[in-house]
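Here you get one chain, nothing else, as structure tokens; it is the form predicted alone.
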Amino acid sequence: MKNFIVSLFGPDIQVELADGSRRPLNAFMVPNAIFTIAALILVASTFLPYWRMEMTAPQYPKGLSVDVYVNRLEGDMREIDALNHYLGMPPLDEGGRLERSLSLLAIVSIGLILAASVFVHNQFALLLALPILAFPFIFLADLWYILYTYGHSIDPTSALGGAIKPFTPPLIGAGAIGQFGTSSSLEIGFFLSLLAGVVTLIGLYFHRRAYKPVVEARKHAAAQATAVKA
């Protein structure tokens, strides 16, 4: 049973190295602290917008905008939904509703998974870091799919449905939808999620630096024990 636990979670951090020395305790605390910071950064990102789209048109001199958070939408929703109605498109809030309802739970779970790497003292810690590394890219892929679905849900029998061809608003940069100009940008929340991934990579570096000598020392001790028995 002990061998199974060691193979899964790695050696105990008190194992001596091959030269008889011991790793200092702070060498093992540093990656744990870094992983905790990464998880907190990701949680903090949920309070800020991840993406923003602005629309301009002659009848809206001040423009219209919508801010996308991981769990909600904010902005000129009523006006944009009124325009979408003339195109036979559903309200903005319907797109990604499932994702927004699960986002906070997913982010908390990602943070807990990353925190669990504290108990993993070998290369399997990378597997626990994959969710936080992948999260911002999953967000972008899902957002693009939502935008594509909306732009291709125009009802040709609606009041203005025949005047506009199917479209996909750009994730980043300028675009045009009929007489409307659009400008899309990634916001601070998204960049914080990227920062959480970068901090996680730094944590993985220190994790490997702390535990690799310990793993090698255990293998060395096991090889010596095998040689003695032989």
Partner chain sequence: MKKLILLCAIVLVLAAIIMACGPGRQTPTRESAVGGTTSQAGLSADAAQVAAERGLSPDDVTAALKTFMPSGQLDPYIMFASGGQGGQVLVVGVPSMRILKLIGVFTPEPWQGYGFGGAGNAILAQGKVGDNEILWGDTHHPGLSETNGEYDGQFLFINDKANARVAVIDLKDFATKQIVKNPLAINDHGGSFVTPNTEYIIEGPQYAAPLGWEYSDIANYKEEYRGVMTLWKFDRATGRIDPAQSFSIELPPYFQDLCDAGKKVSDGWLFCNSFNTELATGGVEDGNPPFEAGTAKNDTDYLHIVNWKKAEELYKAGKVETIKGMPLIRLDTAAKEGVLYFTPEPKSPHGADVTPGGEYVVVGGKLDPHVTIYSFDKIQKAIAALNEGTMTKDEFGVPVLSLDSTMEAQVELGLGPLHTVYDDKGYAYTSLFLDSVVARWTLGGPYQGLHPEEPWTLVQKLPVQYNIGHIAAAEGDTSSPDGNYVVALNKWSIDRFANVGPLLPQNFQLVDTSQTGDTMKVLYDMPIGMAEPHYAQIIKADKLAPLEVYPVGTNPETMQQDPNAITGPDQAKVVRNGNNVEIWMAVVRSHFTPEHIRIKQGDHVIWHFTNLEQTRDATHGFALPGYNINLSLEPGKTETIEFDANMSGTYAYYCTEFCSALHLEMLGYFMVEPN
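The shown structure was predicted, so the numbers you read here are calculated from the model rather than taken from an experiment. Residue numbers count along the first chain shown, from 1.
Below, we turn to the form predicted together with the partner chain, even though it does not appear here.
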Quiz item: Taking heavy atoms only, is Arg100 within 4.5 angstroms of the partner chain in the predicted complex?
Solution: no
Exercise. Classify Asp155 as contacting or not contacting the partner chain in the predicted complex by the rule of any non-hydrogen atom within 4.5 angstroms, answering yes or no.
Key: no
Practice problem: Answer yes if any heavy atom of Lys62 is within 4.5 Å of a heavy atom of the partner chain in the predicted complex; otherwise answer no. | Solution: yes
Exercise. Flag Asp142 as yes or no: does it have a non-hydrogen atom within 4.5 angstroms of any non-hydrogen atom of the partner chain in the predicted complex?
Key: no
Quiz prompt | Contacting member of Leu195, Ile164, Leu171, Val43, with respect to the partner chain in the predicted complex [4.5 Å, heavy atom] | solution = Leu195
Exercise. Could you work out which of Ala82, Leu127, Leu112, Leu105 is the residue within 4.5 angstroms of the partner chain in the predicted complex, going by heavy atoms?
Key: Ala82
Quiz item: When the partner chain is placed as it is in the predicted complex, which of 117 to 125, 83 to 91, 134 to 142, 147 to 155 ends up with heavy atoms within 4.5 Å of it?
Solution: 83 to 91
Quiz item: Going through 164 to 187 from first to last, which residues have a non-hydrogen atom within 4.5 Å of the partner chain in the predicted complex?
Solution: Ser183, Ser185, Leu186, Glu187
